[in-house]
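As a starting point, one isolated chain is supplied in structure tokens, in the form predicted alone.
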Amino acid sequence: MRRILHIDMDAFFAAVEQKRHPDLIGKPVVIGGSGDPTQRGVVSTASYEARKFGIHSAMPLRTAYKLCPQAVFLPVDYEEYSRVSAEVKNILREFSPIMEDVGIDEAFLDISDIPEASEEISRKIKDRIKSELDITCSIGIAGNKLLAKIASDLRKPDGLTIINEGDVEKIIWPLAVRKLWGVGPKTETYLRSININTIGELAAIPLEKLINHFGPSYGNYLYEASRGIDESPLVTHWEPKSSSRETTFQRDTNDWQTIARTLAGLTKEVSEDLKHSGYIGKTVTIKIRFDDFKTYTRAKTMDEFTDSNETIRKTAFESLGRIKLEKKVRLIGARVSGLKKK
């Protein structure tokens, strides 16, 4: 029987900041953008003290400030968060070599072949992370990735939750359908429109009906996921599909020099990312979002794979020339895809 752990760091960015600035402990802390709530930007992480005011990730910083003006707003420090994340992952690998690195603040571990009890292993992991890094995590234990991920979110912060095969009806079905991994806001809205609000209500829908609504692939997924079925393996190694950067202007602009200078900077960053990771790419895509939030993309596939800043920049500007800049620009982005190792 598979035994999968999902380790999810608690309010990770905010926890790292509270660790290196102890005076922030117990205070509402909001991490996002440049740390200035009067400027454009979104919340990356909010401490649990800030969440009590209704602040959550992806919320505009200005909205977060209105909800809690006394909060401490800090800029995102990816370098420090990545450093601490690497230390967390090193601890996890000591418990099992089969690890899927999901992101900067979470991972899956397969402990199926370890004789020790799942709960005991989980408590040791939590103790190590707390004692060595002085931050906490929540862990979900289940027979597959899907249930383990749901479990880790049920008792945050510093939680430990076990979901056994027979617990799906009791624990999973009463949850809101949005709690199901792979159900985003659009799917949630659609499901609500057909009176499906919980995972249990979704599980009651026949497969044929789900396929009619969502197509064969996603319909089958929802049918199995709502029943707690997930056979997906842990992905211990993956190849990136693209490298991208984008930025939102603090003020919408139609100044060509500003737009051009920003795009050149973004393509340089993408080129440097590719060189650092040892990849070369074939297709350059740019993205423009205007002040009315209409978004356009244009792509061009190059003759050869490259990580050359000059070539990527030139190709990006060729794509930019295919978009009429008749309105003010809110956001601009650049992406190189079709990657392969050098």
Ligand code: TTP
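Note that the structure is a prediction, hence the values are computed from the model and not measured. Residue positions are given as counts along the sequence shown, with the first one as 1.
Omitted here: the form predicted together with the ligand. The next part is about that form.
- The chain is drawn here without the ligand; in the model of the complex, the stretch among 302-310, 269-277, 283-291, 38-46 whose residues come within 4.5 Å of it by any heavy atom is 38-46.
- Interface membership of K314, defined by any non-hydrogen atom within 4.5 Å of the ligand in the model of the complex, is ruled out.
- Shown alone here, I104 lies within 4.5 Å of the ligand in the model of the complex, counting heavy atoms only.
- Remark: S34 does not count among the residues lining the ligand in the model of the complex, judged by a heavy atom distance of 4.5 Å or less.
- When the ligand is considered in the model of the complex, I332 lies well away from it, no heavy atom lying within 4.5 Å.
- Only one of H213, K156, R245, K126 comes within 4.5 Å of the ligand in the model of the complex through a heavy atom, and that residue is K156.
- Just one of R51, R298, K27, R62 comes within 4.5 Å of the ligand in the model of the complex, counting any heavy atom, and that one is R51.
- Taking a 4.5 Å heavy atom cutoff to the ligand in the model of the complex, the contacting residues in 54-69 are S57, A58.
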